[in-house]
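What follows is a single chain, given as structure tokens, in the form predicted on its own.
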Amino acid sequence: MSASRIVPIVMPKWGLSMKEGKVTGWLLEDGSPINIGDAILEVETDKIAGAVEASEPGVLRRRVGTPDTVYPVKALLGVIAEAAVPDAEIDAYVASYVMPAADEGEEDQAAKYEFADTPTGTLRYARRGGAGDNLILLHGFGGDLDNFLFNIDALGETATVYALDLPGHGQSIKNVAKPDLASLTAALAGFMDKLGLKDAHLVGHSLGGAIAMRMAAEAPGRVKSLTLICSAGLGSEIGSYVDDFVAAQGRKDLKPVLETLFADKSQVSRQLVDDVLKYKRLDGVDAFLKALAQAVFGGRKQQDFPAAQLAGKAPPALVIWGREDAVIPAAHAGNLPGATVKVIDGAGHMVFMEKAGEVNALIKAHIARS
């Protein structure tokens, strides 16, 4: 039997700066059959918790990682193999496993963010992959490019992926003359121009989805496909999240607001809350968020409906929603005529984090079809 039939389960790299993670528990027993995408074990980082999913089918032959233990990225956590592979071969594989060294330049690149000087101002972004079509990830209100820590590397396997800090967010420029959907869309166009991106597939979450749709309406030749995740701009209803997020001034106020984003409230770690508070306290952020909230979501009603501007001329579109979304109703998923729709159980507004493996697979398949 060839050792090539043995597939390692390793500590994943979620995000640009992750170096280690803690195994919090196994979800399967030794001997369990495994399909691609099955959740095998749970891992916690200083940013967020998530499940490690199978990349290959087989049988869980050996659990190596111990719960409540911290391991570096790429450390061996378990082994998948066919049932016919002898135990002795599994034992030998585990005993001889050597954690792969970082590829040349990988460690430097992993922690590297890039900056583009655009007509809007300086925008921070991260780039992954280098083959295939261009794909741009657009986060939601109050977020940043690190929201896509479970997605950027996976999508980079088949595309050249850019994750962008929108103006007013993350480490991009905070001084925006007129914070509204039009200015954010113009910033996206300026970013593409600066990097020489003639066209791209756009993946937009929440506010990012509205930006993606507006870009497709204004410059249809530049948008090869749309993936809209719990998107704004598909209906007027919206929960209190935006107003509550703007108003929250301290940890006690902010934590329950962030919990409304997830079906699994335990995803909101102390570090996540601290990171968001740090962002909200940066100079210019409070004024920007208040102005943007009023322009796009004033009176707890969505003010912009770029889906209507597409007028049946949308590029190939995929709409993904978490059924338990408490921010924008999942009923909006059916409001873009001609789009493929997938509503995922057990997930909320951050479905692309809570069900990353399924969402990544959906996006890859959609791009391939487009």
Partner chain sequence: MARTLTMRQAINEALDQEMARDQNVILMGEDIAGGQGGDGELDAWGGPLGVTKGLYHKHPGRVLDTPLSESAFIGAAIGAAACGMRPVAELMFLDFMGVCFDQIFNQAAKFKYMFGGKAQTPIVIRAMVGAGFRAAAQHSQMLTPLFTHIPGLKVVCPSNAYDAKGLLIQSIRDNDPVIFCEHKNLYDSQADVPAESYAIPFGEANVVRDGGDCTIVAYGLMVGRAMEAAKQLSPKGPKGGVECEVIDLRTLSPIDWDTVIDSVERTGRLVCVDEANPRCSIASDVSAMVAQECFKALKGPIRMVTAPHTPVPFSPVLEDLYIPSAAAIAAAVTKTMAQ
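Positions refer to the first chain, counted from 1. Since we're looking at a predicted model, the values are computed, not measured.
Not pictured, yet referred to below: the form predicted in complex with the partner chain.
Just one listed stretch, out of 84-92, 136-144, 224-232, 171-179, contacts the partner chain in the predicted bound form at the 4.5 Å heavy atom level, and that stretch is 171-179. Taken together, the three residues Gln249, Arg270 and Leu282 all lie with some non-hydrogen atom within 4.5 angstroms of the partner chain in the predicted bound form. When contacts are judged by a 4.5 Å heavy atom cut-off, Lys278 counts as touching the partner chain in the predicted bound form. Residue contact with the partner chain in the predicted bound form: Lys19 places no heavy atom within 4.5 Å of it. Contacts between 114-147 and the partner chain, taken as any heavy atom within 4.5 Å in the predicted bound form, involve only Phe115.
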